[in-house]
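Presented as C-alpha cells, the chain that follows is alone, the form predicted on its own.
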Amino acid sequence: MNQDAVKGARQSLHGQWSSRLAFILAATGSAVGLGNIWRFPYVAGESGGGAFVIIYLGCILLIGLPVMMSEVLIGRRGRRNPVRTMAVLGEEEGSTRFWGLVGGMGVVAGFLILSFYSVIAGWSLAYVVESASGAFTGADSAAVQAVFGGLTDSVSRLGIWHTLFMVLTVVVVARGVQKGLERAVRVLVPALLVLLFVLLGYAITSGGFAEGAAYLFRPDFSEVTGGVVLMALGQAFFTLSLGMAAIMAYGAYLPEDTSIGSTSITVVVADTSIALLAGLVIFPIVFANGLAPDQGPGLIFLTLPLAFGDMAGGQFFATLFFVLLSFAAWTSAISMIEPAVAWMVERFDVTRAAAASVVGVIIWLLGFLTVMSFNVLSGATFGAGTIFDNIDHLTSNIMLPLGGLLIVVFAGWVMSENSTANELDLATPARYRLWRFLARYVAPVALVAVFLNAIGLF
C-alpha cells in the first residue's frame, strides 16, 4: 500500500476535530495548565529573567516543537489510541510491535498524573468559593494560612473538591471528540484568555507593573548556569504536555488536510504567550503589595490571596483569578484522561461514556492517596517523600522525559523518511530536513540530558 493510501485508509473510531482551530484550542488547552500559571513565571524570574526566557524560547524551538510535531504525526498516522498506534506503526515500519509499550507508558503516565493533578485542581475550585465569599478580604498571613491549612488538613473537604473536578472532567470526555472535547475547549480556552487579559488590565493598574515586568524580562546572564539551561530544557518539554500521549491522542483526530507544522507552531506560540502573560498578571500584584515573589506553589495559594485581600476590588479579581486557574486545570485534565479512555473503547469495545466512567472512577480512587498525603498519611514517607511526592517523581522525572525521548526516536529513526515526509507534508524539503535533523539528533540528546538531570545523574 502506498503512502497516500495508508493516510487515506485509516479513520479514527472516535471521530475527528471539525477544524484546524479546534485542534489548536484543544492542544493549547492541554498544554496550558497549573504549571504555566505559576511555575514558568517563577522559574524565569529566579533564573535570570529575560536571559532565561531567551534560553527557554530556544529550547522550545529546538526541542519542544520537533517533539510535538513527532507526537502529532505519529497520532495522525496511526489514527488509533496511543498504545495501538505505536504497535501498528512499529510493525509497519519494519521494527516491532513492542513500541506499543511506549504508548502504554504515556497512557499510564497521564493516568497517574491526573490522580494528583485533580486534587491540586480541586484547591483552585475551593479557592473560587473562598474568594467569592470574602475569606481573603483584609486577611493577614495567619488567616490565609488558616484557610489553606483548613482545606489540606481535611480528607473530606479535599475529597469533595477532588470529586467535583473529576466529575467535570469525565462528563466532558464521555461526550466524545466533537460534542465533548471540542465544545469544551471552544468555550474554556477563549474564556481563559479573556480572564487573563482582564486580570492583566488589573495588574497594569496595580502600581507594580514596571517592577513585575522587569523581574520577568530583565536579562541577567550572571544567573545563567548549566542548571538553568537544563531547567529551561525541562520546562520547554513539560509545558507542552509532551510524553504522556495526550498530544498523540489528539493528533489521531486531526483532519488530513491540516498542516502539522504550522498548527504545532501556533500551539507553541499560544502556550508560551499565556505563560508570559501569567507572569505579567502575577508579579505586578505581588510587588505592588511588597510581597516575596519566590514562593513556588505557595505563591498561588498563600501569597496572592494575601495580595488580593489588601487591594481595592481584590475580592472580585481573586475570584476571577481562581476561575482562570480552574479553567486551565480543566482543559489539561481532559487531555490527560483521553488516551486511557480511547484505549479502553478500542480494547474492550465499550461506549465512551462507559470507558470515561470506569477510567474516571479508578483515577478518582487513586487520587485519595494524594488527598491523604496532605493529612492522615503525611507521615508515611519513603523514597521521594509522601505517596504524592513519589507519584509526582515517578511520572515527572522518569516516565515523561523517557516517553518523550522514545517517541522522538521512533519518529526520527524508526519511521521511514517517506512515512514522516508524507505525513508532515511540509512546504519545502528544507523544512522537512530541519525537522528530521532536530528529531534525530538535537531533541534526543537534549531529552537524555533532561532525563539524567531529573533522576539526579547529571
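Each form is matched to the other, and the largest set of C-alpha atoms that superpose within 1.5 Å is called the rigid core. Bear in mind that the values here come from a model prediction, so they are computed numbers and not experimental data. When you see a residue number, it is the position in the sequence shown, counting from 1.
Keep in mind that the form predicted in complex with a small molecule is not shown, yet the notes after this line are about it.
Peer 1: Among the candidate residues 121, 336, 267, 278, which is the single one with a non-hydrogen atom no more than 4.5 Å from the small molecule in the predicted complex?
Peer 2: In short, 336.
Peer 1: Among 45, 412, 66, 33, which has at least one heavy atom within 4.5 Å of the small molecule in the predicted complex?
Peer 2: Residue within 4.5 Å of the partner: 33.
Peer 1: Mind telling me which stretch in 202-210, 301-309, 217-225, 243-251 gets its heavy atoms within 4.5 Å of the small molecule in the predicted complex?
Peer 2: The contacting stretch is 243-251.
Peer 1: Residue 321 versus the small molecule, in the predicted complex: is there a non-hydrogen atom within 4.5 Å?
Peer 2: Taking the distances in the predicted complex, the answer for residue 321 is no, it never comes within 4.5 Å of the small molecule.
Peer 1: Taking the small molecule as it sits in the predicted complex, is residue 117 near enough to touch it, meaning that at least one heavy atom pair lies within 4.5 angstroms?
Peer 2: It does: once the small molecule is placed as it appears in the predicted complex, residue 117 has a heavy atom within 4.5 Å of it.
Peer 1: Does residue 166 make contact with the small molecule in the predicted complex, using a 4.5 Å heavy atom cut-off?
Peer 2: Result no; residue 166 lies far from the small molecule in the predicted complex.
Peer 1: Answer with yes or no whether residue 239 is in contact with the small molecule in the predicted complex, where contact means some heavy atom within 4.5 Å.
Peer 2: Residue 239: yes, in contact with the small molecule in the predicted complex.
Peer 1: Superposing on the rigid core, I want to see if residue 401 changes position between this form and the one not shown - specifically a Cα shift of 2 Å or more.
Peer 2: No.
Peer 1: Once everything's superposed on the core, is residue 118 shifted 2 Å or more at the Cα between this form and the one not shown?
Peer 2: False for residue 118: its C-alpha shift is below 2 Å.
Peer 1: Checking residue 242 here: with the core superposed, does its CA move 2 Å or more between this form and the one not shown?
Peer 2: Residue 242: C-alpha displaced by less than 2 Å between this form and the one not shown.
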